[in-house]
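Next up: a single chain in C-alpha cells, the form predicted on its own.
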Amino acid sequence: METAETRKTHSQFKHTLPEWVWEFHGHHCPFMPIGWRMGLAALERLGIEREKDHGLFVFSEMGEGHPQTCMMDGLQAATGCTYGKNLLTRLYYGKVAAVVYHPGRGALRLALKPEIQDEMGKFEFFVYRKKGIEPSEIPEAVSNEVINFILSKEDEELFTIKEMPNFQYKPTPGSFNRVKCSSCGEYVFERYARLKDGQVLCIPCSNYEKNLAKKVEL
C-alpha cells in the first residue's frame, strides 16, 4: 500500500535520478530517464511501492535495435520489475510505451506522447547518435540538454496514461523441480527437459534448438 513516505519518494525523484540508476545503466541518455519517469508514474497511480519480490509486472512495447530500448533499464530501476525476476517482458511492438500490471491494483498503459518525441528529435544529442557515436562519447553538456528537457516535464506532459480494466496475465508458475540430462549429466529444470528415444535430455543435447532454427529458416 502507498504511504506518505512512498509518495515522497515518487515526487522526490520525479525530476532527478539517483546516481546509482545512472551507474546501473552505464551512460547518460534521455530514454533511460523516460523509463524511470514512466515507472514512477505507474507506481504513483497504482498506489504501490517498488516491487521487492514477484508481484508486479511490466510489459515493454519496445523491440530490438532501437536506441529507445534504454527505456527498459529505467523501468526496471523505478519499478523493481527486473528481467532476472522474470517481471519484465518485451512485446516487440517498437513503441516507446509499456504496460504496468499489479494483480490487486490493475493495469496501466503509459506511452510517450508523439509531440514529446518530435521535440526530442530537435536536440543535438540525436545528431551524434545518428552518426553512430555512443552516448558515453557524447559531450556531457549535449546529453544533459535533452535529459533535463525530459526531467523538467510533468507526467501529463510526457505520457498518455490509460487504465486497462480488461487486462489479464497469468505468470508462469515457479518450480524447483529438476532432472539430470542423460547425455551431459547437468541438471535442467524439468519444464525445459526433452524426451528423446526414451531418454531425458536438456535442450542442447536433444538437438531441439537446431530443429527449431531449421523451422524458422523455412
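From a predicted model like this one, the values you see are computed outputs, not experimental measurements. Residue indices: 1-based, along the sequence shown.
Here the subject shifts to the form predicted in complex with a further copy of the same chain, a form of this protein not shown in this document.
- By the criterion of a heavy atom within 4.5 Å, residue 14 is excluded from the residues contacting a further copy of the same chain in the predicted bound form.
- Using a 4.5 angstroms threshold between heavy atoms, residue 72 counts as touching a further copy of the same chain in the predicted bound form.
- For the chain shown alone, residue 146 is not a contact residue for a further copy of the same chain in the predicted bound form, no non-hydrogen atom being within 4.5 angstroms.
- Taking the partner from elsewhere, residue 109 is found to have a heavy atom lying within 4.5 Å of a further copy of the same chain in the predicted bound form.
- Residues of 142 to 169 placing a heavy atom within 4.5 Å of a further copy of the same chain in the predicted bound form, in sequence order: 164, 166, 167, 168, 169.
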